[in-house]
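Here you get one chain, nothing else, as structure tokens; it is the form predicted on its own.
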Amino acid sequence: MNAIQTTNLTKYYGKSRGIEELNLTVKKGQFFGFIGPNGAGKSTTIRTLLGLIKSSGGSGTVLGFDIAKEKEGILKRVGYLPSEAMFYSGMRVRDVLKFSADLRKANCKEEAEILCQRLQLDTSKKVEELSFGNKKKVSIVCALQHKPELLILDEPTSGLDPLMQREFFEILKERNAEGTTIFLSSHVLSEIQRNCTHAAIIREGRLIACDSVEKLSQTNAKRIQIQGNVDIASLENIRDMKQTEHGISFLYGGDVNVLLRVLAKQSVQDLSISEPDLEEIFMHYYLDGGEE
């Protein structure tokens, strides 16, 4: 059984596109990244999976539960962190955490204390007194304190400072090592590259790639950096040309031997050939439709 499985999952808001014919598989135990800019359909996908909004077509299961018919079964077993959380005013942080635990009929006091300590969250403060980052911490503890078998996290690190981001991902890695499946939606590509084993890229409501992060990062293109005054007008398959302080940098999808023959006739002070990072791969999918 997969943690998440969808077949042609579709959601329209009237005539406006949400997601279209999404076929997504997340296996149990994966640390899975869901990549796309704002408006690509990430939050729509998540809310549809949780049964919070009704799909317009297709089907899906979360932990074996049908997203259209068994929403309660899903919500009992999932820890969900929305991109923007809202709390009842007047409540203190400890009251919010207990309220969340009571909704699940669980005693989460011990785990909540551990999480609050690690995230440096003051439970005595009222929620309306909290900064955006501290409100995000409250949401994180609410999502994690009952130790769910699946975590669905929508832009979880927005508002967290770098130290808290690092601690947060340490917690997620520990949970994943214990068997928790993690579905992380983000537009911060470095988060996906550093932490996820598998990922899917969504563009305009459609999946355009889904594989291991390692395979998604593989491409025929190489990042070429040249120091010197060189003429590469005769080369084909060049993208993302940039002028640097001492030369040029570009993505090259052609034969490296052809590149070297062209450069051998010129005055090259230094040459670097490297694999592009995930951000460059992402732009490759977005700007070129994923074609080499």
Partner chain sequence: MTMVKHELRQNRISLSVWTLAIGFLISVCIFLYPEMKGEMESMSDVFASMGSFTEAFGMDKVSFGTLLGYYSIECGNVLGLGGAFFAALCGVSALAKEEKEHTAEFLLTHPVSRTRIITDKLIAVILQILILNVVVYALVAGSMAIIEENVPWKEVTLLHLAYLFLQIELAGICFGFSAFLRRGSLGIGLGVAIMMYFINLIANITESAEFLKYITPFGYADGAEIVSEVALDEKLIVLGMLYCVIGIIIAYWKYSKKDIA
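Numbering follows the first chain given and starts at 1. All values derive from a computational prediction rather than experimental measurement.
The same protein has a further form, the form predicted together with its partner chain, not shown here; the description that follows concerns it.
Choose from 205-213, 129-137, 99-107, 113-121 the stretch whose residues reach within 4.5 Å of its partner chain in the predicted complex, heavy atoms counted.
Selected stretch: 99-107.
In the predicted complex, does R47 have a heavy atom within 4.5 Å of its partner chain?
Within the cut-off, so yes.
Does at least one non-hydrogen atom of S190 fall within 4.5 angstroms of its partner chain in the predicted complex?
Because no heavy atom of S190 falls inside 4.5 Å of its partner chain in the predicted complex, the answer is no.
Taking the shortest heavy atom distance, is F169 within 4.5 Å of its partner chain in the predicted complex?
It does not: once its partner chain is placed as it appears in the predicted complex, F169 has no heavy atom within 4.5 Å of it.
Is there a heavy atom of D161 no more than 4.5 Å from a heavy atom of its partner chain in the predicted complex?
Contact check for D161: no, nothing within 4.5 Å of its partner chain in the predicted complex.
Could you spot which one of R261, K69, K242, K54 gets a heavy atom to within 4.5 Å of its partner chain in the predicted complex?
By the 4.5 Å heavy-atom cutoff, the listed residue in contact is K54.
Identify which of C142, I182, A221, A200 has a heavy atom within 4.5 Å of its partner chain in the predicted complex; exactly one of them does.
By the 4.5 Å criterion, the partner-contacting residue is C142.
So which residues in 1-19, when you check its partner chain in the predicted complex, have a heavy atom no farther than 4.5 Å from it?
Sequence-ordered list has one entry, K11.
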